[in-house]
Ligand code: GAR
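Just one chain follows, in the form predicted alone, and it is written as structure tokens.
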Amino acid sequence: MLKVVVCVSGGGTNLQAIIDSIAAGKITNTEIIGVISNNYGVKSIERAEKAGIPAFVLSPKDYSERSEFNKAFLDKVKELDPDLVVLAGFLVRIPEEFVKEYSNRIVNIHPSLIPSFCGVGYYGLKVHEKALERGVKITGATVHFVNEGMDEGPIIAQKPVAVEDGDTPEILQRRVMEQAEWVILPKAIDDIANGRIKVSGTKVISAF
């Protein structure tokens, strides 16, 4: 059984997709053992509690030094002892010591086709704003393992989504969620839980 901790910052729609996929049997051999948010009062905490999942808030604002928050964050995850950490809209830079501790055991969902519209400053709605500004015809989402770089870890899965005339950042964001994020993130977790993928250097190898 793959024990998963999900880290979130906002509404938790990807968290809900994971919860629903486990309930529907689309993700097997997997249990969410905890949800961690860096923000108080967000809907993701409500989603976790409704599903009977232990939820915790660790806010950087509660610590005088960023290093103190980083240590508290790592300590909480160690306490929960997961096999996999899923960053599902977690707008916090993951500390290097955390990446080393959980090497090839942290996955992130990013709302673009990496290497486009990724890296420092590209998160949430900003990604879709930049995609529309650039005039791309295809965007999408990427699930990848997390390394020390920003959105640079080995890619697990990608799914393209068409940009349509009249799209606003909000409309495009919703379509990318529905058509890509909520599809490839649950599948990636299921693949990891059932031993269908492994990391080889900078690449992910699928074994079916």
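Everything numeric in this text was worked out from a predicted model, so none of it was measured. Counting begins at 1, following the sequence as shown.
This protein has a second form, the form predicted together with this ligand, left out of what is shown; the following refers to that one.
Comparing 98-106, 130-138, 71-79, 84-92 against this ligand in the predicted bound form, the single stretch with non-hydrogen atoms within 4.5 angstroms of it is 84-92. At the 4.5 Å threshold, heavy atoms of Gly124 reach this ligand in the predicted bound form. Heavy atoms of Gly10 reach within 4.5 Å of this ligand in the predicted bound form, making it an interface residue. Although the partner is absent here, Ile53 sits far enough away that none of its heavy atoms falls within 4.5 Å of this ligand in the predicted bound form.
When contacts are judged by a 4.5 Å heavy atom cut-off, Met177 counts as touching this ligand in the predicted bound form.
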